[in-house]
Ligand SMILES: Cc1ncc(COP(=O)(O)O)c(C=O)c1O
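Below you'll find only one chain, the form predicted on its own, shown as structure tokens.
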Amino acid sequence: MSHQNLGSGSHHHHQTSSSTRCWRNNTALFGAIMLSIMRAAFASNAGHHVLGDASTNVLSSIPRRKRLTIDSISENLKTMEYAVRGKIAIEADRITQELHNQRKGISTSGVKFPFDHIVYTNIGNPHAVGQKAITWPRQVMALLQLPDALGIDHPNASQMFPEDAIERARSMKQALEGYGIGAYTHSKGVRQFRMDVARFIERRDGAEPGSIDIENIFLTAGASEAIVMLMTALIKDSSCGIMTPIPQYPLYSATLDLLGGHKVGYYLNEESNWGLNMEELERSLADAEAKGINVVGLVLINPGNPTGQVLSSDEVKDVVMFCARHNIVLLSDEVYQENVYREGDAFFSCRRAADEMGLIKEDAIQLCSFHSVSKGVHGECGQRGGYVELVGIDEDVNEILYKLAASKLCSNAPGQAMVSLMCNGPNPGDVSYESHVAEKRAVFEGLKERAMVMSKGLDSIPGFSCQPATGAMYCFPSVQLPHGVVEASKELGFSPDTLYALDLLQSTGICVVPASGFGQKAGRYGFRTTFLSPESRTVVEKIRDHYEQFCSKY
């Protein structure tokens, strides 16, 4: 056990002892007060009046104002918005509950909907819309959860689980030092699991074997926790800002709002399939610096969310060089690296770009790369497993980040285990290898087909324009809205595409995210939708029919 953990335990014991003394003192004080009140009551023969007066006197000393109110709560927290689970998603949850009540016969609203369920296309949550878990990782996870006597050491284990799953679970349990996944781990994550991540990156990028230091890898509760950790470190004060793409995943803008940092947007080019333009990056940086903003980081999302584009190796290298030249920390969101659908496209990591350009060897780039088990073909969102790899980050900064990670003790052990299994699956020749590859391929081909169906279908609707979804899990169409919608939304106090998305939900049961929640050029309206649902073809036709009716209404 580390000194830190010992310290934590002592602190806990101290707190417990203090709490016990405090409880005893309060109990004694309360008893003395009640005894005094009772004596006074008997002495006056009007106990209920005296008791009432004393209680009133005690209560009168308590302030009637609540400390935590909407007026006293953090302004940054109030300002923060996360559109993916915003107004439309909240309304979808309310309707889902109402439909449930109607089926149970306990609804009192009398509202009838023209659909029997909500199609949640607002969030990249594959298993929630029918994607099946990949078998082999779940078999290993089941064995990790089971006590040895019921799992890896059970005499009939080989009749229930393949031998390679049993052996991997045994190896992972040894890596967990015999404590299993019910115990805290190292605050950076289990050492062997971080080694699996390091070897995965080396194979992916063609890096020299053994060149990645596992002390530069943190296992986290999804990529989101790692992103927030690095942004927390970067925003030193209110003068700092981070460059984010427009459109962008709302986690970045929400976190900047919470930290009090500046959002420095750079526009992606919709007409060139949401491509990157280096002149736009230079413009954005210059404008921010002219306003006195200290630009400390740049977010690159590749493949794109919500835009679904895949950057070429040259585009990635341009961004890496831009950050190196301007001394900006590059935050590379690569959680969709397995989701590349168009022939000829390939994922090219920022780390590989930096390595090939000699920037890593010369210590000339600071790069933080993020990945997750939630996307790709695993889709294990609920497991909350992810990692960040640090490049060019000094040891003393690494220690501060470790302190931040240690303040949460560790990320959840099952999530760490799933990261290990994502990065290190069954090997060729293992009994599960062929079936594992086949399952992953089937999921990938399904995503690839629905990406084409959704993007082409939406683009074919008059009044819609949708770029091809060549990667990730989303389409981000532009929608022409009548002037009446714009005027009506002003009266209601929210964006025109929020009004559109709300009407779409209430009319069809399809839950999308208004494009305004991701950022877009002035005068553009639209939404983000996933293509995860097996109902994707039906979704397109319902959106088509609704749009005609919606435009007629306004």
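The structure presented is a predicted model; accordingly, all values stated were derived computationally and were not measured. Start at 1 with the first residue shown and count on from there.
One more form of this protein, predicted together with the named molecule, exists but is not displayed; see below.
Annotated contact segment (heavy atom within 4.5 Å of the named molecule in the model of the complex): 366 to 374, selected among 148 to 156, 99 to 107, 420 to 428, 366 to 374. Residue-level contacts in the model of the complex: of F218, F476, F193, Y249, one residue has a heavy atom within 4.5 Å of the named molecule, and it is Y249.
Just one of N305, T244, S411, N339 comes within 4.5 Å of the named molecule in the model of the complex, counting any heavy atom, and that one is N305. Put simply, G471 is far from the named molecule in the model of the complex: not one heavy atom of it is within 4.5 Å. Contact check for A223: a heavy atom falls within 4.5 Å of the named molecule in the model of the complex.
Residue contact check for H262: none of its heavy atoms lie within 4.5 Å of the named molecule in the model of the complex. Using a 4.5 angstroms limit between non-hydrogen atoms, D333 touches the named molecule in the model of the complex.
At a distance of at most 4.5 angstroms from the named molecule in the model of the complex, all three residues I227, I301 and R384 contribute at least one non-hydrogen atom.
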